[in-house]
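Given next, in structure tokens, is a single chain: the form predicted on its own.
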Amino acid sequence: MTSIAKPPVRHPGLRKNAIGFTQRDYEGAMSTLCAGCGHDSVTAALVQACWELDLPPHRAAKMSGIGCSSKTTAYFMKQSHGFNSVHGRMPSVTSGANAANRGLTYIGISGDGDSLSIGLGQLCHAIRRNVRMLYVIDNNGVYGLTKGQFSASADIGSTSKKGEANVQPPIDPVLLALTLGVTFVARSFSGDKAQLIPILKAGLSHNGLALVDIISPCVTFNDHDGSTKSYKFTREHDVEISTADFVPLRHEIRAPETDSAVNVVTMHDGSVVRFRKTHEGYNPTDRESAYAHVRACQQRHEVATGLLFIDESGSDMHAVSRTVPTPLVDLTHHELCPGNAALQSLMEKYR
């Protein structure tokens, strides 16, 4: 993965957080994603969330798999630990890293292809183990790196760039997580920074797996009529002289400020996506009502956003496995390998 370093020049008046860092200190390399990609908006929200939480960059670990979304770990917190794993294997690699060093803050970045197709089983078991991590799914409904095939989150009836209609039902990561017993789940839109940043901060502070599904538009392969998750590719005044892809410069789409329960966001092609935030009396600790709320929004062709469910009494992987409070990476060799006598004593419990 080739990245371009950002220039070190910065304004001397930049605000600092409680540990003396500016927001620039939480940035990474220059993004190589398409101009206007929703993933870059998610990255910007992560930068601000980590800065506001006073998170020491060297005490964080950024984990990812394969896909456009998984490239974004290079674009924030350049002083952090990181691991770019095999396609779909980010959850198990993060589980292993967390088992060895529970003292780090783990941020897993994935996509709808990386988590809902090849990595679906990995996601399920990470939720089951309640690994303490922020699990971000950049959800755009397509495989961007392999030229825009439908992903597992594509809605029935949505069309590909070539015009074929999707006939398979989508996997909704929010509903899936609720049925698997997730202890924190939320959904947001990459263009709604005011909503997204607090959700990310809450997820980073949660004692367990915090799943955040983010609708993140793809400006290249979903830019056409019939897409339910992205923009239309503008063909006016465009004369194709050879087979090539052209990515026009797009302005970032931001959610308008409104007091209405439903926020209507207009895409570049004139189509709209309706986001419904949780209402004043919504109870995010009731799993059944959370599931019913998401399903009701789906039936109204709306996208439920906000903190949808949280269980603060849940036990994370270390509590369930009864590991020692000290991170395993900090234990001495004698403590990790106490010898044959201790092993035999342990084995006696299983006879």
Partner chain sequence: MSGVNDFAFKMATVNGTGSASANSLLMQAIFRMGIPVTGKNLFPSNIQGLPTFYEIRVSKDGYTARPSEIDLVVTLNPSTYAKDVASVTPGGYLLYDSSWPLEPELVREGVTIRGIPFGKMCVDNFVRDRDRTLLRNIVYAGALAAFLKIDMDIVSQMLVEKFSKKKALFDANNTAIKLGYDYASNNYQCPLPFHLEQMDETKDSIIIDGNTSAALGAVYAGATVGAWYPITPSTSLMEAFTMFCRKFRTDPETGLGKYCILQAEDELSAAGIAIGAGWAGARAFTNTSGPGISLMQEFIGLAYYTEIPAVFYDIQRTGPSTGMPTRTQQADLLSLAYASHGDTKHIVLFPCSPEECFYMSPMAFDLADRFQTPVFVASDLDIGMNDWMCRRLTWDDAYVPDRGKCLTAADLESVKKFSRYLDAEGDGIAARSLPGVHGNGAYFVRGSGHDKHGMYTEDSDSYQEVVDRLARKFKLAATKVPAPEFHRVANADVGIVSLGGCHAAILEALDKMKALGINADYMRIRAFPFDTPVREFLDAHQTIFVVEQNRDAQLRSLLAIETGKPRDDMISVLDYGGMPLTARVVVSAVTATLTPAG
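Numbering follows the first chain given and starts at 1. Under this definition, the rigid core comprises the largest set of C-alpha atoms superposing within 1.5 Å between the forms. Just so it is clear, the structure is predicted and the values come from calculations on it, not from any experiment.
One more form of this protein, predicted together with the partner chain, exists but is not displayed; see below.
For the candidate set 157, 181, 121, 163, a heavy atom within 4.5 Å of the partner chain in the predicted complex is found for exactly one residue, namely 121.
Only one of 317, 44, 53, 33 comes within 4.5 Å of the partner chain in the predicted complex through a heavy atom, and that residue is 317.
Proximity to the partner chain in the predicted complex holds for none of 24, 263 and 284, with the criterion being a heavy atom within 4.5 Å. Using a 4.5 angstroms threshold between heavy atoms, residue 300 stays clear of the partner chain in the predicted complex. Residue contact check for residue 168: none of its heavy atoms lie within 4.5 Å of the partner chain in the predicted complex. Among residues of the shown chain, residue 201 is not one whose heavy atoms approach the partner chain to within 4.5 Å in the predicted complex. Under a 4.5 angstroms non-hydrogen atom cutoff, the partner chain in the predicted complex has residue 73 among its neighbouring residues.
Contact with the partner chain in the predicted complex, defined as any heavy atom within 4.5 Å, is confined among 132-140, 97-105, 182-190, 212-220 to 97-105.
Contacts between stretch 22-60 and the partner chain, counted in the predicted complex as any heavy atom lying within 4.5 Å, involve 58, 59, listed in sequence order. Remark: with the core as the superposition reference, the CA shift of residue 339 between this form and the one not shown reaches 2 Å or more.
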